[in-house]
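First comes one chain, alone, set out as structure tokens in the form predicted alone.
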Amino acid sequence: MNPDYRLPHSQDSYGFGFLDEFAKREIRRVILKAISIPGYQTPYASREMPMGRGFGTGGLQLTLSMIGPDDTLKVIDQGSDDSVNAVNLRKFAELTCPEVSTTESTTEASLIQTRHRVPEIPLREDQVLNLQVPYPDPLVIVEPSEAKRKIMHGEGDYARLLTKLYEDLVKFDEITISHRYPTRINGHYVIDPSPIPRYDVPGLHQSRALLLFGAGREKKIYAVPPYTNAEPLVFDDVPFRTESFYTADGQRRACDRCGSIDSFLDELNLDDGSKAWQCSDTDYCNRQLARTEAGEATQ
């Protein structure tokens, strides 16, 4: 987006946050219902946004309905503050919420909108994390009918989903779901936690921050309130396993930029054919790098 762009005169009368007040009010009511019933997919009237559905319209509507002049907004895409999706959504928020501050720091933000990652830095009670969701229902892979899926959710009937996981174990000796891993919330509803990697799923459990999930295309909002149990769907004798960043000789890979050995890493293919590993979360990586450089400077 052009940093010097301004709304045309015919559009500069948009209210704060782009959405009309009736839309914001409805979405806030739906958020309250979603918080009251953890994991329940609450339907809402998803509005048309000036971007294609599937590019974060659900998460953006959550953000624009909640944000206020005193908030500080952070937008990330797969952990990065500088990807195309994150930059464009952040610019749109700056354009339509002129009094709101934006930041690339996780600790400074009061409202964080994210796609495909949960920040590495633990969130606080005064923060809200809005996750963009393409497909909200984990049962869609075993049941095409939404009416039947609603009955299955209401009855807590996830036998067919467990059967799918069991078939993976029989065929491949492990569950092959790499992201969107089915997660049981508060002992009942199973949610699709958005396309976050398995590595991030344990971070949903007993989170101090409010976690909201918005699916604009599917017109659903659901929530994981603070200090709520969030447990991956597993078998008693097959423990949940996250992505491994260990080499064949048992060494944990480190970020080639900051040296971190306790973060989720992206595998990069370099021009010379070699591979590099780097923290997915750019803010976390920058902080670790600053600590490393500060430590070297004091030696």
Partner chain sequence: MNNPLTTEQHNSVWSPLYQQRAFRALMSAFSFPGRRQSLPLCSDATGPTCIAAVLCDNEVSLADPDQLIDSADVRRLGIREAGVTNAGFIVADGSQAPTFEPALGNLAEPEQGATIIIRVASLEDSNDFPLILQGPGIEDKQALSVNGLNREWLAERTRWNRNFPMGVDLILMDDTQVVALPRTTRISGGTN
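A quick note: this is a predicted structure, and the numbers were derived from the prediction, not measured. Numbering follows the first chain given and starts at 1.
Below: the form predicted together with the partner chain, not depicted.
Heavy atoms within 4.5 Å of the partner chain in the predicted bound form are found in one stretch of 68 to 76, 113 to 121, 193 to 201, 135 to 143, which is 68 to 76.
The partner is absent here, but in the predicted bound form a heavy atom of E99, alone among E99, D168, D82, E108, sits within 4.5 Å of the partner chain.
Using a 4.5 Å cutoff between non-hydrogen atoms, F16 counts as a contact of the partner chain in the predicted bound form. In the predicted bound form, no heavy atom of R291 sits within 4.5 Å of the partner chain. Residue contact check for S46: none of its heavy atoms lie within 4.5 Å of the partner chain in the predicted bound form.
Though the partner is left out of this view, L265 does not reach within 4.5 Å of the partner chain in the predicted bound form, counting heavy atoms only. The putative spot formed by D173, R252 and G259 is not touched by the partner chain in the predicted bound form; no residue has a non-hydrogen atom within 4.5 angstroms of it.
Residues are counted as partner-facing when one of their heavy atoms sits within 4.5 Å of the partner chain in the predicted bound form; in 30 to 63 these are I31, L32, K33, I35, S36, I37, P38, Y40, T42, P43, R47, in sequence order.
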